[in-house]
Every structure is written in structure tokens, then in C-alpha cells.
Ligand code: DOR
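Only one chain is given next, in C-alpha cells, and it is the form predicted alone.
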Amino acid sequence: MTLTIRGGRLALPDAIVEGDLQIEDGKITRLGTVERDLGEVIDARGLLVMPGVIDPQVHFRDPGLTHKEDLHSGSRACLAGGVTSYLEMPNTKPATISLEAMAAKKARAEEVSCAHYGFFIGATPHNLEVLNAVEQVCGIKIFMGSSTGDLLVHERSALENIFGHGQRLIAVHAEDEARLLARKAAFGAVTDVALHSELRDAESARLASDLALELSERYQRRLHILHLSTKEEVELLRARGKGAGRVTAEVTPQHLTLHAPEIYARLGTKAQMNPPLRSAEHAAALWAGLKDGTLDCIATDHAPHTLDEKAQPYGTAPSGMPGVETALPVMLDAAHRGLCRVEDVVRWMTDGPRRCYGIVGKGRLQVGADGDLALVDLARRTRVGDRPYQTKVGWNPFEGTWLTGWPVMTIVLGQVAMRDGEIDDTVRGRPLRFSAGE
């Protein structure tokens, strides 16, 4: 596909500059001044032209839980939010813990995904051979706490076995299972969702992250800490260091901008996720960690459940919330309010995930990179929920919130895949390639 973009503000790796951009055969071929139009010409005057967002943590529920989401609907939601690539989690039914399950998921994505895709292989205490044999995955996912079925690896011996054998990146959901169980027993039958962040307290997160860091250092294993949520973990990373790039970490827009206890009073169990939304004090530490480089990127942890499921009482309602459609607007709105810079948002949501996972050809505007773009109107002010959702569950924790800064076009390999909220269902993504850990 050939495409010419004229007069936009190009978010280059080191600056935002006025200029043109051209894509041929899915690759960026010219940046700066384009002398001759080729293919469709897009007038981008007044728009930010940035690399397509990479969301490094989504749960698209395919297979087995597709009443909540599937790879097709989830990838449509990606396009609506300026996201052109995603990394998807293994807690499906059946879980993605075997070579056969991974092959089936890849085949399904090739058929239906509108955005580029990569997948985690799920760790169990017993599938080490699979973890090291599976090809072209973004990493191994370990649930150190808060999981069901086979996807829980919390005993030290099992963790040592995985960290000590193999080279592939390990991504951890860092909550300490023993402390979670002890606190659940101490609190008893809790029915108030406002206690969610007390049951799953900051110490639960710190203990698990500390253990993961210890094992990463001992075995010199590449580690990524998912959805980091506490001041204590930021301080821990600063104190222990990041092993010259061996350790990376992410944070979600929810943990940065939705604060307890107010959010539980307003949203009830819709605000329930793991690890929990916490106080403004924790959020301030997360912002500081992003800005000083202790944290590396933004991820959504898009984990949709239906409204009926979320309406169940606390203790029965599932944890998780959708977010892939609004992550970029939430972060751009934060920049609009002076909490960070637009350049920061671009880096955290594009080049950051690229670096963390060694994703080839994505995350930067440069000649030779893939032609995946988001065109953003930084002045557009829109209320979440005013345009139809693409996610199957049809709700969002930011619903009713006015946000400034929205993607108006999403381009996948030179093809316009979203224009003013309308999705082109004929566009198909490709499997992501990874340069490290294979």
C-alpha cells in the first residue's frame, strides 16, 4: 500500500517537527519533505503523526470466553484507540500453555485480527519444556498470585526452575500468593469493594516484585514487571537497580489517574482490578517513576467483563476492566493538563514497549520502519462513551469523562484502518517479530 501524509507534526524519536511522510509497500520510505504524491494523500495539517501505539498487555479472551471479547473485537478496539500492535495474555479457556494452544491462537489471529499481534506463553509448575520450545512469542507470563486453574506459579522451587532454565523474557503478575491468602483469612467475608486495595495491599505487591528481582539477578534472566502499582515497588526498583536494562516495568493509565477510595465509591466493582487501584500517593510515585525512567512503558491490562458480571457483589464479581480504546486519550489528556509532555506519552506508548520486548520494525517514525501510525487531534475534546465502543462489553471506567486529545486515524502498514471512529474490517495485522529472547 502507498500513502502520502502531508503537513503533519511528526513525532520523531528525538523531536516533534513539521513535515511529510510517505509509506510504500507497508514501509516508511520518506520523512520530512516529500516532493511527489503517491497513493492516497492525507492532509494532516494540525494533527500529530505518531507511531502506532503498542499495547503490551491485553486479555482478548479468545478462546473460551469470547462473550466478553475475542481477537477480532479486541483488535477493532485497538484501532479505535490508535493501537496498531498488541501483546495478548494466556489466561483463556483452555489456557495458552501448550504448543497446540499457541498454534491455534496464532492461526485464529491470522484470520481475524485487524492489528498486529504477539502472544505470551503461560507458565505452570510443570510446562518448562513448552516454555523453552515455543517459537516467536513475546515472553513467558507468570502469575505469582491471583490466578485460577493451572496458571499460578507461586512456590519458590517452581519459580527457580523457570528462571533458572532458559533465556526468554519472563513477565510477572507480582502479587504474593501467601500474603493474599493470609489477608483474605484475616479479613473474613468482605462485601465492601472499597477494601479491595487493603486486602491486596502494597506489601503483597512489594514482596512478589522483590522475589522476582532476586531471581532475575541470580539467574541473569530478563524480567518485565507487569502493571506495577505501588510506591514501594518504584522505590524497590530504584534501590536494587535495573540490571543494565535486564529489568523493565510498566504501569497502566488506570493506576496513574483513578484513585482510591473515591473511585470505589463512584464505580463500585467496575473499579475492581488486580493489582488494585490505589491512593493518589501511589499514583504520584508511579508518575515520578515514569518520568525518571524507573518505569519504562504504558500498558492497559485490557481485561473486559460484561456489565452483568461486574454487577455481582464484591467477592463474586471478577476483577478487570476494558481500556485499550481510551488509553491514548487518557494519557494525552494528562499531557494537556500538564502532568507530562506529549513527547513523553509518545515514548511511553510506542518506543517503550518496542524496547521492552525487542519488537522489530515498530514504535518509531523512521525510514525503513513499518508504516503503522496514529494521527491525533490534540485539541479534540470528547466525552468517553459519546461514540460507540468497539469492545464487546460496551463500557469503560472513564465513561462520562471529558478527555482532550484523540486519535482520528489509525494506519496499519499504510492502510487506513480507522477513520473518525469507523473501522475498516478488511485490514489484517501480521504476527509481530521479536529480536530478543528467542
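Please read these numbers as outputs of a predicted model, since none were measured by experiment. Numbering starts at 1 and runs along the sequence shown.
In what follows, reference is made to the form predicted together with this ligand, a form of this protein that is not presented.
Peer 1: Phe143 near this ligand in the predicted complex, any heavy atom under 4.5 Å?
Peer 2: It does: once this ligand is placed as it appears in the predicted complex, Phe143 has a heavy atom within 4.5 Å of it.
Peer 1: Looking in the predicted complex, any heavy atom of Asn91 within 4.5 Å of this ligand?
Peer 2: Yes - in the predicted complex, heavy atoms of Asn91 and this ligand come within 4.5 Å of each other.
Peer 1: Even though the partner isn't displayed, in the predicted complex is Leu267 close enough to this ligand, meaning a heavy atom within 4.5 Å?
Peer 2: No, Leu267 stays farther than 4.5 Å from this ligand in the predicted complex.
Peer 1: So in the predicted complex, is this ligand close enough to Ser73 to count as touching (4.5 Å, heavy atoms)?
Peer 2: Output for Ser73 is no: heavy atoms all beyond 4.5 Å of this ligand.
Peer 1: Heavy atoms, 4.5 Å, this ligand in the predicted complex: which of 314-322, 206-214, 95-103, 183-191 makes the cut? Say which one.
Peer 2: Going through the listed ranges, the match is 314-322.
Peer 1: Counting non-hydrogen atoms within 4.5 angstroms of this ligand in the predicted complex, say which of Thr124, Asn274, Thr294, Thr257 makes the cut.
Peer 2: The option sitting close enough to the partner is Asn274.
Peer 1: Report the residue, out of Glu250, Asp333, Asp301, Asp176, that has at least one non-hydrogen atom within 4.5 angstroms of this ligand in the predicted complex.
Peer 2: Exactly one listed residue reaches within 4.5 Å, namely Asp301.
Peer 1: Taking a heavy atom within 4.5 Å as contact, would all three of Arg61, Ser147 and His305 count as contacting this ligand in the predicted complex?
Peer 2: Verified in the predicted complex; spot residues all in contact, yes.
Peer 1: Out of 211-228, which residues reach within 4.5 Å of this ligand in the predicted complex, heavy atoms considered?
Peer 2: Only His227 sits within 4.5 Å of the partner.
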